[in-house]
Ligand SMILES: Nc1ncnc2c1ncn2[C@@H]1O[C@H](COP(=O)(O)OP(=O)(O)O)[C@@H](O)[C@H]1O
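Here we start with a single chain on its own, the form predicted on its own, put down as structure tokens.
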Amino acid sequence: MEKKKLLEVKDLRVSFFTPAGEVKAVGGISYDLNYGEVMGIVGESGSGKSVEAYSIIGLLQSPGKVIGGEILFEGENILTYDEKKMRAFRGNSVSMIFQNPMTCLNPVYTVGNQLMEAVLCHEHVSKEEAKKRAMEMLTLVGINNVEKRMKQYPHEFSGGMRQRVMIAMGMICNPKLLIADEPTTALDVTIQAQILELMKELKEKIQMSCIFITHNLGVVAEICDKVSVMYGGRIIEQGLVDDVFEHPAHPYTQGLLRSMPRVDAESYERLIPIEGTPVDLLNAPQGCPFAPRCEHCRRICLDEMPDYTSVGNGHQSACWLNALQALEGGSEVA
């Protein structure tokens, strides 16, 4: 049975127009997300992960601008929405959990007030109903003694508890899509594991689609169904998590996996870093953005960006090495 698509991103391009010139933050990315799926978007800092997410939720700030492509949510291009329609869409249909909850929660309002406000802004319910919903969500995300907690301010919560509040706020209006922008980065490993376990439980209970943005491949392996690997504003590899992790096709993905600690590695084995520095998006290269750092780089890599090559089961890679191997073996080049 074919899965139904919730979100389709088609050739999305986003630039920042600065005094120094145009920064091509997202250079034409495409992917689909089905109902109930969790997709991880991974890549190093500056690869365009968060900019792409802000474009979906309509929070892209000047001087950033979507200059091309479509974002189809249940078949409607949300880039055509006016501010009023976008405000209704944001919160009701899609919501976002940000990286640092302390900067996202208002320090002068109680946690209860902020949760209730999210409900009252989007639904025609009484304050009593909004309070009941807020208390239910705090309980759902594992916060005890909710009557007392509702009256407390953000500074009275620990980092892990504040992140739970942000998850509750993101889910309180039952959105169809939740975007989590590195929600565990600022937490220690113990709390990080608890938050990931909580999100897995909530995914099973609510059957909500999720885009999980991170630079931590271990997090992707733990929670995601699919993964898109970004570099230099482009998706250079995408597919099911197991396929991409077990058979990485792009040299950048291979480099990311080699640079990760492994529990089954010998004690004397060293991590292998990716040589070179990240691409300068103000002066983006004409060809593959990873070419200057790639050990397999050829002249064509510097001159032209390759199309996607299918490496099986929906697994695609944008690499000339894969494309040439596919032509030799008679495989499909997308």
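This structure is a prediction, so every number in the text was calculated from the model and none was measured. Heads up: residue numbers just count along the shown sequence, starting at 1.
What comes next is about the form predicted together with this ligand, which does not appear here.
Asks: Would all three of I29, I235 and P289 be in contact with this ligand in the model of the complex, where contact means some heavy atom lies within 4.5 Å?
Replies: No, none of I29, I235 and P289 comes within 4.5 Å of this ligand in the model of the complex.
Asks: If the cut-off is 4.5 angstroms on heavy atoms, which of these, V51, C301, V38, C294, is the one near this ligand in the model of the complex?
Replies: When this ligand is considered in the model of the complex, the option within 4.5 Å is V51.
Asks: Identify which of P306, G46, G58, G69 has a heavy atom within 4.5 Å of this ligand in the model of the complex; exactly one of them does.
Replies: Exactly one residue meets the criterion: G46.
Asks: Spot the stretch among 5-13, 319-327, 19-27, 306-314 with residues whose non-hydrogen atoms come within 4.5 Å of this ligand in the model of the complex.
Replies: Careful reading of the contacts points to 19-27.
Asks: I'd like to know if I274 sits close to this ligand in the model of the complex, meaning any non-hydrogen atom pair within 4.5 angstroms.
Replies: Flag for I274 set to no.
Asks: Using a 4.5 angstroms cut-off on non-hydrogen atoms, would L33 count as touching this ligand in the model of the complex?
Replies: Judged by the heavy-atom cut-off of 4.5 Å, L33 is well away from this ligand in the model of the complex.
Asks: For the stretch 270-301, which residues lie within 4.5 Å of this ligand in the model of the complex by non-hydrogen atom distance?
Replies: Only a single residue, L281, comes within 4.5 Å of the partner.
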